[in-house]
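There is one chain below, alone, in structure tokens, taken in the form predicted on its own.
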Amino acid sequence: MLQSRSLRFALPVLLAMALLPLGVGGYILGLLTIGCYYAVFAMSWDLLFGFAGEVNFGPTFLIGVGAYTAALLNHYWLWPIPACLAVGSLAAVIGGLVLAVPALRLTGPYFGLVTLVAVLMLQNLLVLFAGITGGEIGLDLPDVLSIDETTNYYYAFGFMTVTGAILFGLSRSPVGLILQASGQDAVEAAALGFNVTKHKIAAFCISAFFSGLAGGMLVFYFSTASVGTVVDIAVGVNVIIAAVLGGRRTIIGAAVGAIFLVAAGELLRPIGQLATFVVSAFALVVILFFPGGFLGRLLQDGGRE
């Protein structure tokens, strides 16, 4: 791992991000705080797609289950934030298991379709029971992570760094190699004696845990949980684009892509709805001509990543 070029690329970037509060204001820190949470979403998605080879079209199902579980516990029963986050993460893992165990029996695009339908069902449930969930308006939370932008930033930055280290280490471990082999050729991996389904379910659970935890932390940062923030399909599309832009099967690249997308969207805000078109067009060009993504392109001639 220490010989990885992508890791050597990440360390100075992380150092610079750690020192950012010394030189930028609350607006930039707030933007990067959101970017860090989206980075966790994208890295979690990359573990499942980049290594296990399963296209999850509905990452916001896992994010939403974790976020709304934590939000409901805090709103109605005033549970402390750590307990809400723990139960929300567990709920995301359970939801992921309920979804993954039957879905992984399917082949081809059907797994992706199942995950997409799961998001639509969750959206409808949240709107249908608006009296409990707040529906499209959202659910206000009595607690918040912090009222200080610097503290919020360090919460998000530290969480992103720890999550990235865990997922990056896992991707370079024997388990990650088995996942990669399973994603490339499940039949051959099974013939070599590996339990492909077990490893893919494990990857889904890990992805669900970090997605649910990040979703919970995000709603406690906003102090509100809404469909448009954590469950909307557009959020899931941004997560997927971020992972592909940064570089599939790199983990670190997914974080780079997520922060880039959040920053680009904010910088182009003055042009209104055209901003979405510009960002989408740029993403399309990168995907078509640089399928390895930002980090993949940077490291493609440098030997071992």
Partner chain sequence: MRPLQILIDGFAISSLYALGATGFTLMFGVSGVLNLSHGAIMVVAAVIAWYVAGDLAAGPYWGALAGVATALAFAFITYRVIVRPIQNSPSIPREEKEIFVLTGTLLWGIMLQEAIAYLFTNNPKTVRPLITGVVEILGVRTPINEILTAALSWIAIGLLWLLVNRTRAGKALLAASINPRGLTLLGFELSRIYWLVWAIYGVLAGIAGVLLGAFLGVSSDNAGTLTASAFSIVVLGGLGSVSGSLIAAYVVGYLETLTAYTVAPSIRTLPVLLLLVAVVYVRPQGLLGRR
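Because the structure is a prediction, the values reported are computed rather than measured. Numbering follows the first chain given and starts at 1.
In what follows, reference is made to the form predicted together with the partner chain, a form of this protein that is not presented.
**Q** Would Y37 show up as a contact with the partner chain in the predicted complex if we use heavy atoms at 4.5 Å?
**A** Flag for Y37 set to no.
**Q** In the predicted complex, is there a heavy atom of the partner chain that lies within 4.5 Å of any heavy atom of P102, even though the partner is absent here?
**A** Flag for P102 set to yes.
**Q** Flag V244 as yes or no: does it have a non-hydrogen atom within 4.5 angstroms of any non-hydrogen atom of the partner chain in the predicted complex?
**A** Because a heavy atom of V244 falls inside 4.5 Å of the partner chain in the predicted complex, the answer is yes.
**Q** Find out whether any non-hydrogen atom of P291 is located within 4.5 angstroms of the partner chain in the predicted complex, and reply yes or no.
**A** Because a heavy atom of P291 falls inside 4.5 Å of the partner chain in the predicted complex, the answer is yes.
**Q** Going by heavy atom distances of 4.5 angstroms or less, which of I94, L113, A186, A83 would be at the interface with the partner chain in the predicted complex?
**A** Of I94, L113, A186, A83, the residue with a heavy atom within 4.5 Å of the partner chain in the predicted complex is L113.
**Q** Tell me which stretch of 120 to 128, 85 to 93, 159 to 167, 203 to 211 has a heavy atom within 4.5 angstroms of the partner chain in the predicted complex.
**A** Correct option: 120 to 128.
**Q** Mind listing which residues of 54 to 68 have a heavy atom within 4.5 Å of the partner chain in the predicted complex?
**A** Those in contact are V55, F57.
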